[in-house]
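Take a look at this single chain in structure tokens; it is the form predicted on its own.
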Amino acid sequence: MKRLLSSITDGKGFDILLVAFPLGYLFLMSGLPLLYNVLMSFQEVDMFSRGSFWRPFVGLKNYRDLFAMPETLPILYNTGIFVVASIAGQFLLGFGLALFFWTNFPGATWLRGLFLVSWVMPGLVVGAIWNWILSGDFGVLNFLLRETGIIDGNIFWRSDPDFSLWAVIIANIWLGMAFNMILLSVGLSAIPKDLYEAAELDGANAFQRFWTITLPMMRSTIGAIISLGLIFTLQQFDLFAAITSGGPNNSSNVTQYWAWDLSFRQYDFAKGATISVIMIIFVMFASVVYVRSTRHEVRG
């Protein structure tokens, strides 16, 4: 014990001590619940056995029963559309804003800061705001679309099965657009100006400079943003709870909201845990992409 204490006080074991505490905290607060969730996906869990740790082991029965349910494939399809459309919209709009503010015109700094309001707002607050914007009777979005001649009558975004999922997608794009803009702005500022000056002297136009310099130099940043966007989008729950509640008739339901609905509304904890395990696989894939995208970063 004396040798252990001396190793900490003289600095040799201090770095290990610093790492041990956060790792222990993560294991207790995140690791154990994650393992418990995986265990529940292989057990038979109901309201009567919820308080017990040792429950009947059913193997892959929960997974087979889940994919045998008629709503599983439509909900997985909705999740795919939600993830792809949200990431694409957030990235394209965020990249456009990053390029716009990259010109560094007067007032660009404070104007860019205003876009961060969407990112710091809680998801339920964003959902409440977009509830008003997407209202079929008095919503601002319908008003703008009517005035521009795009639509003739009102669209009931939240209650129409053809538009309910897109209502949440629009809100989620607005929510994550500022995050993409900030990270892409950091990536753009790291590109040396000399490259653009040399390319311009060689006669390259704006599109050629963007295609041959900007995109290749930001490859790691783009990979990190897309992988983080996948993680954040798969975790998105508040907007569905605030705007559509997965309806009507599961037309806007996705896996993350369905897992909560099965567990805490229908009390089918085993299937809710099963959906969570499937989502964990996709999140782990995104995490691997993120680590590989940032492994070439130089840290001082």
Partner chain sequence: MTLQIELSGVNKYYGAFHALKNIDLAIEKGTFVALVGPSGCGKSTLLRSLAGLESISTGDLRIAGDLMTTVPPRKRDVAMVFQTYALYPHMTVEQNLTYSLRIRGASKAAMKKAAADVAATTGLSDLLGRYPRELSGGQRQRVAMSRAIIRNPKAFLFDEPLSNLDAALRVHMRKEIRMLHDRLGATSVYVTHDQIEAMTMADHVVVMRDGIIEQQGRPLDLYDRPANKFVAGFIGSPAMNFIPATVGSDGFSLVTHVGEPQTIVLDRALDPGRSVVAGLRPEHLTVVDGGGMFRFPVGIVETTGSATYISTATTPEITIVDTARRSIRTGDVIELTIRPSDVHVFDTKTGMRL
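Please read all numbers here as calculations on a predicted model, not as lab measurements. Positions refer to the first chain, counted from 1.
Quick note: we don't show the form predicted in complex with the partner chain, though the next part is all about it.
A.B. asks: For the three residues G136, V140 and E147, which mark the spot I'm curious about, does each lie within 4.5 Å of the partner chain in the predicted complex through at least one heavy atom?
C.D. replies: So, no: the whole triplet misses the partner chain.
A.B. asks: Any of the heavy atoms of T212 lying within 4.5 Å of the partner chain in the predicted complex?
C.D. replies: Yes, T212 sits close enough to the partner chain in the predicted complex that at least one of its heavy atoms falls within 4.5 Å.
A.B. asks: When the contact criterion is heavy atoms within 4.5 Å, does D160 count as touching the partner chain in the predicted complex?
C.D. replies: D160 lies outside the contact set for the partner chain.
A.B. asks: Should E200 be classed as touching the partner chain in the predicted complex when contacts are defined as heavy atoms within 4.5 Å?
C.D. replies: It does: once the partner chain is placed as it appears in the predicted complex, E200 has a heavy atom within 4.5 Å of it.
A.B. asks: N205 versus the partner chain, in the predicted complex: is there a non-hydrogen atom within 4.5 Å?
C.D. replies: It does: once the partner chain is placed as it appears in the predicted complex, N205 has a heavy atom within 4.5 Å of it.
A.B. asks: Heavy atoms within 4.5 Å of the partner chain in the predicted complex: which of the stretches 107-115, 178-186, 87-95, 216-224 has them?
C.D. replies: It is 216-224 that comes within 4.5 Å of the partner.
A.B. asks: Since exactly one of L195, I81, M121, A128 fits, which has a heavy atom within 4.5 Å of the partner chain in the predicted complex?
C.D. replies: For this set of options, the contacting one is L195.
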